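There is one chain below, alone, in C-alpha cells, taken in the form predicted alone.
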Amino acid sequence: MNNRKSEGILAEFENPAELIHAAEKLRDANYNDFDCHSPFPIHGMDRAMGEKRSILGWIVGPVAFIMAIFGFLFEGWTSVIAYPLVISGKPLFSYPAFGVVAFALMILFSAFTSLFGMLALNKLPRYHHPVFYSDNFSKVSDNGFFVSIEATDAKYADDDAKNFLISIGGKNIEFLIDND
C-alpha cells in the first residue's frame, strides 16, 4: 500500500448469493458505511444491508398536498380578487375548473421534489469515487459482485477490514487509494 491514506477497501465475491451473505455479515458486524455493487439489482439486498425505508415519500406527500391546495387557492384568488370577470354568467369562484391547475401543480412539484430529494438523500452528485481507480472494479458492469467499505466507517481499520473480508469469502481484496 502507498504512503497515502486509504479511502476504503474493495472485495470481490463469486455470485449474488455470496454478495448477500457478505452484506448480512457486514451488517451484523456493525459496519455502516459500506456498499454492495452488482451488474443487476439483487432482490433482498436492501434487507441484507440493513437499509431502512426511504423517507422520500414523507417528503413528497406533503409537498404534493401543499401544492394542490396552493393551486386551488391561487386560481380562486386570481378569479375572485385579482381579475374578477363574469363570463357567461358563471360565478367568480367557479371551483370545478380549478382542479386541473391544482392537479398539474401537484404533479409538477412532486416530480421535482422526488428528483432533488432523491439526489440529496443519496448524497449525489458525487463526481468520482475511489472504487473507479480499481481495474478489477470494471467487471461490476458485466459479471462482478463487489463490496466496498468506506474509510469513514467508525469501525473501519485497514487490517481489520481486510481480515474480516477474507473471513467472509472476499477475493481480490484491494485498498482504495484516491489518486487525486
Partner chain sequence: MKFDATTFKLTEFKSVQKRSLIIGILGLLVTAVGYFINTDQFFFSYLIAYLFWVSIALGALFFVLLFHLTGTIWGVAIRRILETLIKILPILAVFFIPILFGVHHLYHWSHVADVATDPILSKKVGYLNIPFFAIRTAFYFGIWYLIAQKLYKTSIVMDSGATIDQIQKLRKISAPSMIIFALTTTFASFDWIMSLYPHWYSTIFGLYFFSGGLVGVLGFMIYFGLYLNKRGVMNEIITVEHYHNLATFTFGFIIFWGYMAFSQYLLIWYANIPEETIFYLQRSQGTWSILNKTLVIGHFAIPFVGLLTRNSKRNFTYLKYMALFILAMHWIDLYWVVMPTLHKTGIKFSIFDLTSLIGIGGIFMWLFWTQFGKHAITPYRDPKFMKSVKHEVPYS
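Numbering follows the first chain given and starts at 1. Here the structure is a predicted model, which is why all the values come from computation and not from measurement.
A second form of this protein, the form predicted together with its partner chain, is not displayed here; the remarks below concern that form.
- Although the partner is absent from this view, residue 35 stays clear of its partner chain in the predicted complex, with no non-hydrogen atom inside 4.5 angstroms.
- Although the partner is absent from this view, residue 51 contacts its partner chain in the predicted complex, with a non-hydrogen atom inside 4.5 angstroms.
- Among residues of the shown chain, residue 100 is one whose heavy atoms approach its partner chain to within 4.5 Å in the predicted complex.
- By the criterion of a heavy atom within 4.5 Å, residue 150 is excluded from the residues contacting its partner chain in the predicted complex.
- Heavy atoms within 4.5 Å of its partner chain in the predicted complex map, among the stretches 119-127, 24-32, 135-143, 40-48, onto 40-48 alone.
- Contacts to its partner chain in the predicted complex (heavy atom within 4.5 Å) from stretch 110-148: none.
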